[in-house]
Each structure stands twice: as C-alpha cells, then as structure tokens.
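Single chain ahead, by itself, as structure tokens, in the form predicted alone.
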Amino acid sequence: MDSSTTQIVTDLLTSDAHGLQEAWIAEQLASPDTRPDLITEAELRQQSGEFLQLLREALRSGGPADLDSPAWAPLREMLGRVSRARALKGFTPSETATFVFSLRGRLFERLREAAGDDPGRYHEGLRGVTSLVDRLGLHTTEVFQRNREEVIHRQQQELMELSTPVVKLWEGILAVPLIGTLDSARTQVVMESLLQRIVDTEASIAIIDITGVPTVDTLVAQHLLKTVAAARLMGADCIISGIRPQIAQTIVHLGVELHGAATKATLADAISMALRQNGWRVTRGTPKG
C-alpha cells in the first residue's frame, strides 16, 4: 500500500475504534467458526482488542504494510501466540484464519460510509483493506501450520518414547519390547533409551524382544545391529528374542548375520538365558497348600 491508501485504512481503524471492535466481536460470536467450546468470549474479546490496537500502531509507525519490518513485529508476535494457542486447542486452519478475515466485512461497511460519493477513494480503500487483511490472514495460516506441525512432531516423539519402554527385569538385566514398525527415527529413540538405562542400572544384558515387529527386512535388521553394537560398546551383551519361523526364514534369505547378538524364539527363553549368564538359577519350589 502507498501512503495515501495506508491513511485511508488507518482512518477506518481509528474512527470510532470502540464501535468497530464491538461490531467485529459480535460478528465473530455469531459465526459458526468461533468455536465457543474451545475459546471463551473473554478470550475472544481480549485477542480482538489487542489485535486492533497493534494493527493501528503498526500502520501509524510502519507505514505501508510491510509485515517483515520491525514496526510490525509486535503484531506478528501476537498472531503467532494466537495461532499457537488455537493449534493446541484443536482449531482448524480455516477457523483460525477466520479470526483475521472476518474483520474485512466490518472495514468494507465503514469504507462505504466514509467514501460517500467518491468512487476513487472507495476503490483505493477497497484495495488497501483487501491487501492488508489477506496478508495478515495468510501470515496467521502459515504460523498455524508451522505450530501444528511442531505439535504433531512432538506427539510423534512422545508416542515413540512410550512405545519403546526399557524395562528392568532383574538385577543387571534389561528388556526392550518392540511393537510395530522399526524405522530409523524409532531406532534412534530405542538406542538412546537403552543406552541411558544401561548407564543408570549398570546392566550387563539387554533383551530386545521383536515379537511385536510384524516384518523384518534388511533395513530392520541393520537397525537391530546398530542397537546391539551400541549396547556392546556400553558393556552390555544383547539377546534378540521373538524370532518366529517366518522371521528366521526371512533373515536367512536376506543373508543377514546378527553378529554379536544371541537369538531366542521367545522372551521366556531369552530371560532364562540372561539369568544363567548372570549366574542366577531358577528352581521350581513346592507349591503352597
């Protein structure tokens, strides 16, 4: 926007500022995109008032709407907070963008009244309002998408950590029950969790149970070998359990050799082997009663 257009938009925002704010809030509250189940009227009023105030200040001090300039930084930060909060609460991108886009209709009404019989001023203001609101709305959407991606990534990390627990079975013996597909990212989580627990518990044996891993291909085998090698560097031997007949055939067919790791068909066999290696002996006692 040039300085003339900027002044027209600024006048629309500053003339009867309270009336504009109340009309805009009323429109948002009546909209199906407002989601009263996710945001209260008090929050909506606070966000709307702060947005209009920062927008007026940015136009006064920053001139044309260059959203990357320092004058617009407070408004960008505010929209970032709103987008982040709404992403966490479960708003959709369109519902979040509507917060900004809904202002356009209120400004168009004011522009028609202010321009009167001056079509030139009306069309100039129309271009200015459309350009400004569209850019702010798109910025809000972009920030929302980045925040949503961060939330999804963090949730994926948390799920991976929850799905790969390292369990202390006995003194000096750990177990990692794996369920689902084993990819590079998950292998890294398994490795980091296992190595940390080896340090914390001073374990000498780690059982990696793949009973719940649906398929084992060359890539999965390589991931297992990396985990075994890392554990051995920390002074712990590994036992891989859950080797079903189909998986055994696949490993032989692929020509993969699980160097440095003992293998057992079941977790029970692996636990028994680990106990023997650590000098424990389990005997059956006489049942009570």
Partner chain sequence: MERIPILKMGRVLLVTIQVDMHDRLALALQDDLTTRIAQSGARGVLIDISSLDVVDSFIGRVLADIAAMSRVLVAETVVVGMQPAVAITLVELGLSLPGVRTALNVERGMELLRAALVEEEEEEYEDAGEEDAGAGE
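As the structure is a computational prediction, the values presented were derived from the model and not from experiment. Definition used throughout: the rigid core is the maximal C-alpha set that superposes within 1.5 Å between two forms. Residue numbers count along the first chain shown, from 1.
The protein also exists as the form predicted in complex with its partner chain; that form is not presented, and the subsequent description refers to it.
Although the partner is absent here, E192 lies within 4.5 Å of its partner chain in the model of the complex, judged by heavy atoms. The shortest heavy atom separation between R60 and its partner chain in the model of the complex exceeds 4.5 Å. Interface residue remark: V199 is counted as part of the site for its partner chain in the model of the complex, having a heavy atom within 4.5 Å. Taking the partner from the other structure, its partner chain in the model of the complex has a heavy atom within 4.5 Å of a heavy atom of L233. Partner contacts here mean any heavy atom within 4.5 Å of its partner chain in the model of the complex, and among 22-30, 221-229, 246-254, 38-46 they occur only in 221-229. Distance criterion of 4.5 Å from any heavy atom to its partner chain in the model of the complex singles out Q188 from the list T211, Q188, Q145, T130. The single contact residue among L103, I207, A203, L136, judged by any heavy atom lying within 4.5 Å of its partner chain in the model of the complex, is A203. Superposed on the core, the two forms barely differ at L54: its CA moves less than 2 Å between this form and the one not shown.
N278: CA moves 2 Å or more between this form and the one not shown after rigid-core fitting.
Put the two forms on the same core and the Cα of I173 is off by 2 Å or more between this form and the one not shown.
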